[in-house]
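Single chain ahead, written as structure tokens, the form predicted alone.
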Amino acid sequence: MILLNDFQRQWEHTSARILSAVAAVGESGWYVLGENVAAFEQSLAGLWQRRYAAGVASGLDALEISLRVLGCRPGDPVLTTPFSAFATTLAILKIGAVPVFVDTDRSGHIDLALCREVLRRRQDIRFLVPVHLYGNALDLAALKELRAEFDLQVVEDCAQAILASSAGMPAGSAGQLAATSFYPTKNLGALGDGGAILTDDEQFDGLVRVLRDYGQSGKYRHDEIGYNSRLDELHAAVLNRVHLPELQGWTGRRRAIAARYRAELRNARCECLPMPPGSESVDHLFPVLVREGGKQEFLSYMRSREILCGEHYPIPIPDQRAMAHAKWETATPLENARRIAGSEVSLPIHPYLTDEEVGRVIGAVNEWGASLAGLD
């Protein structure tokens, strides 16, 4: 079976070094907010070209704490995308703020031109949470212009976009803060949950560190109502000593697989989702749009060929049952978001796919429904 992610192969490649890192943490006798977290934060900030990085317990916490740092409060409207992992919206809701959904463009990313139209008629909106989706980067120059024009407080959701860039600008460099995740499926994943917040602002970084640790400015000195949201030493050691040194190679392999997909997929019923202009993708996922309402048929067919595909994301966030109990708004019709959600399928893409397996995926896609597409 060809998997969407293959953690067993990854473990075979990295296990000896991981066990060594775990042993080093155990021998140190320091398990929370120690030298491994500090070292990883320094490495991550350098990799991301930001002055500061602070580890937290999850990508969700990274988003929520970032919004808190920027002053987002209950009742504040927050412009965001309807097409993402639910955590993007959940972070807004957990603060008590109000998600204001704007449709996506053809690439599945929040439409910045539509955002501008909304902001021109909604002077009450001061916060924006855009998402760099599928490993692609939004148009960061346009995002910076939008931030400056409307004096926005911006948290970039970079959970899928480590090392991605737009016209040479790193994802996460246009907002005041960037949030990321180390969930195992991410391009840089831990052996469990984790996240980080990145910024160039010393005061923001300081407040992040207070909020993540029960709101403490010093031991037993609680200045804020904070969180228990600390990246564990074990995760930090594995990330910094083992997975981070692999990241460039893993990213290169993802890009090579994606390039082969783009060059060799030839089924007229499966359209590769376009990337935002100028995006230099890290190919966290490889989405295709299955036409003519054939999505479930395609998923079943691929499984019959022993190829597991994914769906990212089949239900737009405003359509989720949980949102019936929440306060939110739609600022534009969500036609693109719903169209993509109804037809998107993610093909297998991970660093441990073999060339033969990539060929099998391509062959299966090209052979599906060939007669209906008028293909040989």
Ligand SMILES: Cc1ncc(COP(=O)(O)O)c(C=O)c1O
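Since the structure is predicted, the reported quantities are computational estimates derived from the model, not experimental observations. Note that residue numbering follows the sequence shown and begins at 1.
As for the form predicted together with the ligand, it is not shown, yet the points below apply to it.
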4.5 Å heavy atom contact with the ligand in the predicted complex for all of Gly59, Leu63 and Gln160: yes
Picking from 146 to 154, 266 to 274, 181 to 189, 224 to 232, which part of the chain touches the ligand in the predicted complex when contact means heavy atoms within 4.5 Å? 181 to 189
Using heavy atoms only and a 4.5 Å cut-off, determine which of Tyr52, Tyr313, Trp48, Trp328 is in contact with the ligand in the predicted complex. Tyr313
Heavy atom within 4.5 Å of the ligand in the predicted complex - the one residue of Val131, Leu211, Val282, Leu177 that qualifies: Val131
Quick one: does Ser84 come within 4.5 Å of the ligand in the predicted complex, counting heavy atoms only? yes
So, in the predicted complex, is Thr80 in contact with the ligand at a 4.5 angstroms heavy atom limit? no
Answer for Ser166 alone: is it within 4.5 Å of the ligand in the predicted complex, judged on heavy atom distances? no
Quick check on Thr88: any heavy atom within 4.5 Å of the ligand in the predicted complex? yes
Could you run down 194 to 230 and flag each residue that has a heavy atom within 4.5 Å of the ligand in the predicted complex? Gly194
